[in-house]
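Next up: a single chain in structure tokens, the form predicted on its own.
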Amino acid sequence: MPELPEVETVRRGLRELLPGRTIAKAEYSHSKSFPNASVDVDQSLIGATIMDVRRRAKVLIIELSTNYSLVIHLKMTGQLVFRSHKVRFGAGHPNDSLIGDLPDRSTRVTLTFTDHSKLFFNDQRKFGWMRLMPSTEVPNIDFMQRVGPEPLEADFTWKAMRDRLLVHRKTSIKAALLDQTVIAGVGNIYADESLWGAKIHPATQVQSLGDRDFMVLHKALVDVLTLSIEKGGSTDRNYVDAEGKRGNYLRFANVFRRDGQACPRHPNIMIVKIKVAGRGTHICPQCQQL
């Protein structure tokens, strides 16, 4: 599953390409990937001009001039690939569909624009989807109602983070960070990295942390997410940037997938992998004592 920086990388790339283009045709091969009534497609998608590309947590939102939006979840193997006679851009699962001829057998939806450029939604495993709905209804989607605040927004202060985490005071701090109802978009990579940055053991109960811990953790989380976005996301197997290039954040990771390697702060101490909150977790035994 992509984390916030990977989806933000996709959004930034598409936002440079899609606004101002008008949709001439929509074709789909799998109704689960495109669960929309034909009357809504004819009335609110065909002929609509793309106004903006936004993101909420791990979901992309393409806003249309008809006051409808395409809400897109890439899930595990989704791709969005834009093609024109001048531009070939792709984002998502890094298989050959990013660079091969399209549509192919993984293509679920094809949007053709009036200038003959195309946006392909490819998804090998058919878990992702592209839903058309009135823009006013997007905030009312069950997911949108439940998901926590964006960690990079200005109003997400350390106190705001502390108060949300303390609702789960008897939970491990890693489990709380991974809970999408607490904070949006944070997954395993960035939880490990931010906890190492804050020198907090992932199994520490939230109620054991003091204000200074929350301040340091907040800064570490924001720094890690910001750096990852700058680097185009992680180099994990499933995500590449909007030009089809792998992100390179993990080259700069301090603990994630570095078990057996030296801690950057303690050259004589090796990173170890343990299990916390049911997830593989990477820590420095010296930096992060329980």
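Think of the rigid core as the biggest set of C-alphas that the two forms share within 1.5 Å after superposition. Position 1 is the first residue in the sequence shown; the rest follow in order. Fair warning: this is a prediction, and the values are worked out from it, not measured in the lab.
From this point on, the text means the form predicted in complex with the DNA, which you will not see here.
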Looking at heavy atoms inside 4.5 Å, which stretch does the DNA contact in the model of the complex, given the options 167 to 175, 212 to 220, 153 to 161, 109 to 117? 167 to 175
Would you kindly say which of H266, R12, K25, R279 lies with a heavy atom within 4.5 Å of the DNA in the model of the complex? R279
Among Q124, S208, S135, S84, which has at least one heavy atom within 4.5 Å of the DNA in the model of the complex? Q124
Is it the case that R105, Q180 and R257 all touch the DNA in the model of the complex, with a non-hydrogen atom of each within 4.5 angstroms? yes
Give a yes or no for R55: in the model of the complex, does one of its heavy atoms lie within 4.5 Å of a heavy atom belonging to the DNA? no
Taking the DNA as it sits in the model of the complex, is T204 in contact with it (heavy atom to heavy atom, 4.5 Å or less)? no
Report whether the minimum heavy atom distance between E8 and the DNA in the model of the complex is within 4.5 Å. no
Does at least one non-hydrogen atom of G197 fall within 4.5 angstroms of the DNA in the model of the complex? no
Superposed on the rigid core, does the Cα of L74 end up 2 angstroms or more away between this form and the one not shown? yes
Once the core is superposed between this form and the one not shown, does H30 show a C-alpha displacement of at least 2 Å? yes
Rigid-core frame, C-alpha of T107, shift of 2 angstroms or more between this form and the one not shown: yes
